[in-house]
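Read the single chain below, which is given as structure tokens and is the form predicted on its own.
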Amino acid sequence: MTIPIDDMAAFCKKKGLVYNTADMYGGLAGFFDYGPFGVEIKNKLKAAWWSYWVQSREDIVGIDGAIITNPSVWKASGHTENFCDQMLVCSKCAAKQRADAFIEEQTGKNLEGASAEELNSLVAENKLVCPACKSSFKEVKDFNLMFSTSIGAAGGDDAYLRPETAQLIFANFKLIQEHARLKPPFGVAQIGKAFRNEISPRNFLFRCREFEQMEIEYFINPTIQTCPYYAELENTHFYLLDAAAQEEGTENILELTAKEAVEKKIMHEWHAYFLAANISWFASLGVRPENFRIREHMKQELAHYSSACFDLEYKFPFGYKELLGVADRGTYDLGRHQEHAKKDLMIYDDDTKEKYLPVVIAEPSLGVDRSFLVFLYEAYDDDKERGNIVLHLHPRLAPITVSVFPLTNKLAGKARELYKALKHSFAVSYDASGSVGRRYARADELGTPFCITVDFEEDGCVTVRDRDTTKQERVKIEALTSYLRKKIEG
């Protein structure tokens, strides 16, 4: 079931998933704290991603870069001068709006890559005014999104909170490549916080000022463009909104396989592979693939260093919105750091006996918080028959895997023993408050896949109740661990 984003935010607060930061003081726009159950989902989400992309592969390694780094990194990358959004400021009350997002909401037009001149023209044509006081806007101006800070006493040196995780991969590229003893094609992954001083954070966790990214920078030899993993996922189904349709002002969705997208020269093998692999990862954790679409960036949207970019979008209640972008960054980043740091970042090719600068053929960058929202929307079910909310979270993501109930307080000792035994293998809670039916409802609302009731029967069994089907099964206590593991893996 789809609910408005504000209702989802209220549900998350009610169930201890996510709060406005320092809620008792009124919070702070664009910043959120994850509660005791939300942090479990978030950590399991990140662990599942790391397992899929790093621990199960030979060609991708990980790092954990600093949040504050040498400011020369941001000068070389171009962030210091160019990391900007365009802002509308009210001429009377000085309220601020992110220009492209506000005008898109008012006109329904896709304004990715629009110039300040185009935005000002649309404001005038559509007679757009400040939503707060109905006054006119000043002309659009650039606003740098980086948070500045200082290092050391008495002001110290200027620095920035990182606006993305990618640049620490590029700055450490040579060290990583040498220490991991890797040769292209290979990738470097990182999960970590990033900070952007968003003009108008909105839609709960979707657009925040502090957020986490799960990112890969994938490097290849520019003379070898084929992807050795592509054939594994070439039959993945894509719903694709290509650049041509957008330029014509339509939303004509192409339904085709990854292989067909490559054969039609819409994308190359690496982009098709990383898009398919990300869809596959989400699907493995319970997300319906039909809720995704791929949107090709139009030429005017592309960064000057990029030859292609594709966004994987999810159908939120407020429309299709980007979860990740798979971008071709070429040699831009390594080239810039090589130039500014005056360090050789080239790799020697044993076969050709020549050196080359690797190409970043794909940069799948996925938001953790946006992914968290996706899994909540996929799981959320206002079950009228049960009379309560059910979160159908995949067992690998559920904050509590098993909840143990004593049928009555007389069985508390026996139930506690079982609880302690299972805690070695699973995330387990103990609940003896209220009727068993009310305990089931509480477990459903937190997405607990299995509830175990300890009763007075002397058959060495307990009753295991399945969250999704509500079916109950008697299981031998000594077989519980293997039973639950099979259910989770299945």
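Residue indices: 1-based, along the sequence shown. Quick caveat, the model's predicted, so the values are computed rather than measured.
Keep in mind the form predicted in complex with a small molecule is missing from the figure; the text below concerns it.
Of the residues Glu378, Glu322, Asp383, Glu104, just one reaches the small molecule in the predicted bound form with a heavy atom at 4.5 Å or closer; this is Glu322.
Proximity to the small molecule in the predicted bound form, taken as a non-hydrogen atom within 4.5 angstroms, holds for one residue of Glu301, Glu164, Asp242, Asp349, which is Glu164.
Under a 4.5 angstroms non-hydrogen atom cutoff, the small molecule in the predicted bound form has Phe206 among its neighbouring residues. Phe211 belongs to the set of residues with a heavy atom inside 4.5 Å of the small molecule in the predicted bound form. Residue contact check for Gly367: one or more of its heavy atoms lie within 4.5 Å of the small molecule in the predicted bound form.
When the small molecule is considered in the predicted bound form, Glu363 lines it closely, a heavy atom lying within 4.5 Å. Only one of 324-332, 406-414, 223-231, 131-139 lies within 4.5 Å of the small molecule in the predicted bound form by heavy atoms, and it is 324-332.
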